[in-house]
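Next up: a single chain in C-alpha cells, the form predicted on its own.
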C-alpha cells in the first residue's frame, strides 16, 4: 500500500525546497540589479557571495578570482579597518568585536581608471550567534569626489601640517572655538586663515548655523555698507528690492571679515558700533535689528602698524582681537611642503588627472628651496602647473612655474654640500660611508630635522633614510 502520509510529506518537502530555491534565485536577481557592490565574507576573509557589480567596481575581468577579500585590488583589510576604527574614535579590537557598522573610503586602481569607493561593513549572526558573516556594501563615490575637488580647488588647504608652530595654531583654534570671544587671525596672504576660521566655526556650538564670509577688499567701498547691513527697497538708486546684509545672514552663526584692514575709515566706526551692540539698521530703514553672531576677523597686514599710520581705528582693533592668532608663513614651516604637495596631487587625481604623478629629486629640491611668497596658495598653483606640464606624469624642474625655475638657477640660494676629504689609507667602502654620512647630515640640516623632507631631498623613502642613518650612527 502507498503511505499517503509519507507521500504528502515528500511533496511538502519538495515544495519547500522549490520555494526556497526560487526565493534565493529571485533575491540574487534583485541584488544583481543594485548599483552597489554586495560582498558576504567570513571573519577570516573568505568570500561566499558577491553580486555582479563587484567585478565592475573593482575592474576585475571574468577570469579574475574573487574568493578572498584580498582579491579585491589588494586592499590590506586589517590595516584599513584598524585605521577606520581610529578615525571613528575607538580602537580596532573593540570596534570589530562590536556590532557597530564600520565606514571608510578607499582610492583604488580599477583597470586604467581611478575610483573612490565607499565601504560599509556590518557583522551579522545566525539566531544562535554561532555563525558570523561580514556583509560589505561598496559604493562608487568617484563622481561626488571629483565634483567636490573641482568646487574646492580654489581654496588651498592650510590644515595639513606636521609643523609644531601650526599644530599649536590648530590646538589654540580648537581651544577657543567653544567661546564667543572675537578672534583675530593674522598672517600673510595664502597661509590658510580662512581654513582656520572654518575650523573654529566647525568646532563651535554654532556649527549648525552658517559661516558667512565677507572679503572686505573685494567689495567696492560704495557698496560695503549695503553689503554689511542690507537695504530696503528704494533706499538708493538701483535698490529695487529689499536685501539682507551679511550681519543679518550670520545670525546665530559665525561672521568672517576677511582682509578687515581694507575697510575705509569712515565705515569702521559704524562697524564697531554694530559689533559692540550686536544691532544695526538697514539702509533706508528706522527699524533696529538685533543679531547674535560670533566674529572672526582676518588680515594679511599688521593692524598695529595700520593704527600708527592712522589707517585703522585702535578701538575697533581691540574689539575684534580679543584672541589674536598668528599663522606662520610656509617658508617658516618648509617641512609641510611634501605633505601639501602630496595632498594637492591627490586632489588633482580626484579631479580627473591620472594617478601616475612622479616628482624628480631635482624638482623636490627646487620646491623645498623656494621661499613661497604666495604661501600655500602659490604652492597649490605650482603643483597644478607642474602636473599639467609634466612629461608622462613625471614632474621635473622644467615642469614648474618660471619663478621657481629662476630662483633655483640663482647660485646664492643653493646650499652646496662640503664633502670631507677622503683618505687613500681608507678603503673605497669607508670613504663612501664618510661621504654618505655628510650627505645625510646636510639633508637633515636643510630639512630642519624632518626625516620626511630629508628623504625627499635625497630622493629616497623614509625607511631607506632611517636605515642609512642607523648605519651612519646618526639615529
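Positions refer to the first chain, counted from 1. All of these numbers come straight from a predicted model, not from anything done at the bench.
Not pictured, yet referred to below: the form predicted together with a small molecule.
Taking the partner from elsewhere, every residue among 159, 192 and 377 has a non-hydrogen atom within 4.5 angstroms of the small molecule in the model of the complex.
For the options 343, 115, 100, 351, the one in contact with the small molecule in the model of the complex, meaning a heavy atom within 4.5 Å, is 343. Comment: the small molecule is not present in this chain, but in the model of the complex one of 360, 203, 232, 300 has a heavy atom within 4.5 Å of it, namely 300.
Only one of 310-318, 159-167, 265-273, 117-125 lies within 4.5 Å of the small molecule in the model of the complex by heavy atoms, and it is 159-167. Although the partner is absent here, residue 355 is not a contact residue: none of its heavy atoms lies within 4.5 angstroms of the small molecule in the model of the complex. The closest heavy atom approach of residue 188 to the small molecule in the model of the complex falls within 4.5 Å.
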